[in-house]
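Given next, in structure tokens, is a single chain: the form predicted on its own.
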């Protein structure tokens, strides 16, 4: 039986380092190639030795697909393609292709130039890696080779994020990457058609969460920022350069305008200017409202939000600072946090998910003393708030996507094991489909029943209708009798007469014969007459004839009686029928094996 195999090398019962291998119809595809924010050792990148122990990956992979530009989905790409070695195609959307190298270079600078790490990819490797990229357009079917095709769907989440359908013949898999089922201030909601894949591989970051209304969260966020600024405190909002950052900037910009606020809002420079440039460039990927407003003004040109200089962190008085990265694991956000952590007037608002091992995760869990590098201890006195402005689907959103796509099987990645377990049970209960949640390095195998398309001749359909069968209905499969003709990669079901005519063949009659022994003290002709009488009484609505040549016929079935001189009471009945009457032939042989009822008169 054909099967599809799925093995996570990263993001199996874990968030971070997304990298999923799919084997389908003899093709091997890598979905995402991310790094883990919580590790600095060899656990940072996926374990590619799973694919092959020695040499390059090119001959083992047909293609690599990147869902969006977040580093936990693309951070290991140059390492995989340039250091381990892969020369095949890498597919991603146009915005991802534009933004991915900027984030990779930023990540490289922090890791190599600031932390001084060796054994890391270089700027040149990022450039060489990006030369292998083939850009994808939404809803465009791309032929990777003669058999493998892929198609991208809008995923919301961040600019350029896409879900991907992978198809080989009639087998298919959909990979969601990260997606959001509710539109936000700058992006639309994810969408996919009813493609009924064999497996839907979905992220499950917020598997157990059903988020409250967005408006309440936004009000809460503005209230907390406002209160802190009013009492002279400083607000730090760690964000990743793209996505939530733009969302919260639009929110604060409109609030500052409405309330006529004077406290400065800063954004850590470099990345974000480029980010906003790409939002302007790829305006068609944003939501309807922004596209409409774009004619009068660009929503990404902010009046109240200025570029941040690191010397501003020591300025007195209130301010709001957006700084990267979002989990406080390095960079500017961590530098500012160290300066402001000791003052209870200040506040830090964590707007999204933090991976285990990061400082963001530690302070959200209430840690008040942090051990920093050089064995220094940092006391956390500022207020810590968590407000999910996450652009991931919650439990409700995941269920909504399943209803949209109608998959035959479900597989969860990019989530914590306990939360996945909860969602898995919910999915299996509600949709009665299998749901899998493999750990890293664990393979899930799904047996597929590929449907083979067959053309049916009009004559055969008309004949079926004439027999009074129900009309064809895709939801209720039914049996059709005909002759299957295979010709030049196509299959046709036609009537036997048409097949004989087309192929220039003569018809052969195939008959089945069966012997039944019967104890009956009468002569052979009398026994045959008694059989005729018995069948007349049992089989109503069938044509039954007693022929002069000493046989009984029921439809196409012929019955003869013979006996030997030594045992005249043991009769041997010979039954013969054509394959069309096989069911009736089997029924008659079973009936006659039971013998004839007493009191039957011969005619």
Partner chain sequence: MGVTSLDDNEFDDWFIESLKIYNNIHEYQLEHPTIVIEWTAEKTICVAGYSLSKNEILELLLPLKLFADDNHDLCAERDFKVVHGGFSNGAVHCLKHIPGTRCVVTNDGFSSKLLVWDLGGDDCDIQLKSASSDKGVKVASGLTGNPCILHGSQISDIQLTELTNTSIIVLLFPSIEETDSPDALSSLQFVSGSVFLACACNGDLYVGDTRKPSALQQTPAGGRAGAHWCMGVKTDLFSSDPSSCSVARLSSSSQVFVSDLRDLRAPVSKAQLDVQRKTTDNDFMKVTWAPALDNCLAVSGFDGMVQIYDTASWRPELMEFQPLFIHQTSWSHDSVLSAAVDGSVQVWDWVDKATTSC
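Predicted, not measured: the structure shown is a model, and the values here were computed from it. Numbering follows the first chain given and starts at 1. Rigid core: the largest C-alpha set superposing within 1.5 Å between the two forms.
One more form of this protein exists, namely the form predicted in complex with its partner chain; it is left out here, but the text below deals with it.
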query	finding
Heavy atom contact within 4.5 Å of its partner chain in the predicted complex, the stretch among 310-318, 449-457, 101-109, 249-257	249-257
Residue among 379, 497, 301, 212 with a heavy atom within 4.5 Å of its partner chain in the predicted complex	212
In the predicted complex, the residue from 281, 384, 195, 493 that sits within 4.5 Å of its partner chain by heavy atoms	384
4.5 angstroms heavy atom contact with its partner chain in the predicted complex for residue 185	yes
Distance check, residue 526 to its partner chain in the predicted complex, heavy atom within 4.5 Å	no
is_contact(residue 422, its partner chain) in the predicted complex, heavy atom dist at most 4.5 Å	yes
Close approach of residue 363 to its partner chain in the predicted complex, 4.5 Å, heavy atom	yes
Its partner chain in the predicted complex reached by all of 220, 289 and 426, non-hydrogen atom within 4.5 Å	yes
Heavy atom contacts to its partner chain in the predicted complex at 4.5 Å, residues of 388-402 in sequence order	396, 399
Rigid core fit then residue 448 CA moved by 2 Å or more between the shown form and the other one	no
Rigid core superposition, residue 353 Cα moves 2 angstroms or more between the shown form and the other one	yes
CA of residue 389, rigid core aligned, shift of 2 Å or more between the shown form and the other one	yes
Pairwise C-alpha change, residue 360 versus residue 180, in the predicted complex against this form - closer or farther, 3 angstroms or more	farther
Pair residue 364/residue 202, Cα separation in the predicted complex versus the displayed form, closer or farther by 3 angstroms or more	farther
